[in-house]
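To begin, one chain is listed below as structure tokens, in the form predicted alone.
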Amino acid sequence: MIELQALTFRYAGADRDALHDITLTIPDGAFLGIIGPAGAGKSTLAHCLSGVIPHAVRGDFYGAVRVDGLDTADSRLTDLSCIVGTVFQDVDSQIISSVVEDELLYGLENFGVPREEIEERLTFALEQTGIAPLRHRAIASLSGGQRQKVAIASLIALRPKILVLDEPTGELDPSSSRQIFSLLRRLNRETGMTVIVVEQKIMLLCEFAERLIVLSDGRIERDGTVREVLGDIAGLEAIGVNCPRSARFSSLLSEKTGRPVPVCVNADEAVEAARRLIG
């Protein structure tokens, strides 16, 4: 379980809080999406969940963040990293090896994974992220999207209890983005791994996440199931959230027909909603 109690953080030299009075509970096994306009505090929240804030980033930190019973402010980053695996937007900053295989091996060996498990974990992570053919490639020769997959594979191989991903599909094409989200959902459902994703591709995120948190100006503006949050299109767009077209379509159908239309999360649901009204 993750518990945030009155979390407030202001970067050193800043004139306002990046996060303000955030109180939140994330149960084990959740699949949580975090959305919001630029500058809302999404990446800052991800840094707080991983322990990078307050350990590696200067600023004023108030309140508490507890991850699996550990207070992040009182725990070492090495201890937290055994529980929380994190992929940040700048994946190059967290890749330290020159060859794909070595990057995965580095984490497995340094976290003391038994030698007899290493090959199985390495192969699984490479195959699940679709980069098995790149196993012996130089990382410098890879595209940005391929390096993103290497970073994700490195975490999957370690099997953390919690995955925190900040824009994990930022440099991926639509097919690869869907592949990554399908993998995250499978890990979530089959292993009980908690998955927390900050993502700009809101339509894709809404297909996979079970719960959405909307941040604006460092505060939680909305918190609920995907359909609950997307049920307030006007409110979301007022704070700068680009809502999925399917949700806007169902809202428009309801407005124009005067009949209640369930929130549509994807295109298939939007088509079905239109058919029911026509038929």
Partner chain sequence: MIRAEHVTYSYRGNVQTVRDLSFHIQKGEFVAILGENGAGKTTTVKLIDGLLCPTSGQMLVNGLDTAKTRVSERAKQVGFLFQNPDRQICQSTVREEIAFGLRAVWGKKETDKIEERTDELLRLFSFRGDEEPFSLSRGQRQQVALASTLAVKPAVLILDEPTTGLDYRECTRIMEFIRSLNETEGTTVVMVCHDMEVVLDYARRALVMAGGQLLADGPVHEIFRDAALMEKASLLPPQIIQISGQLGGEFASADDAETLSDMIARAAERRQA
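Residue numbers count along the first chain shown, from 1. If you're wondering where the values come from, they're calculated on a predicted model, not measured in any experiment.
Just so it is clear, the following notes concern the form predicted together with its partner chain, a form of the same protein that is not shown.
Taking the partner from elsewhere, S246 is found to have a heavy atom lying within 4.5 Å of its partner chain in the predicted complex. Mapping the unseen interface onto this chain, V265 counts among the residues with a heavy atom inside 4.5 Å of its partner chain in the predicted complex. Taking non-hydrogen atoms only, V271 approaches its partner chain to within 4.5 angstroms in the predicted complex. Under a 4.5 angstroms non-hydrogen atom cutoff, its partner chain in the predicted complex has L253 among its neighbouring residues. Of the candidates E210, E237, D60, D28, E237 is the one whose heavy atoms come within 4.5 Å of its partner chain in the predicted complex; the others do not.
When you look in the predicted complex, the only residue of V197, L184, L126, L172 with a non-hydrogen atom within 4.5 Å of its partner chain is L172. Here the chain stands by itself, but in the predicted complex one stretch of 198-206, 184-192, 126-134, 67-75, 198-206, has heavy atoms within 4.5 Å of its partner chain.
For the stretch 28-44, the set of residues having any non-hydrogen atom within 4.5 angstroms of its partner chain in the predicted complex comprises P37, A38, in sequence order.
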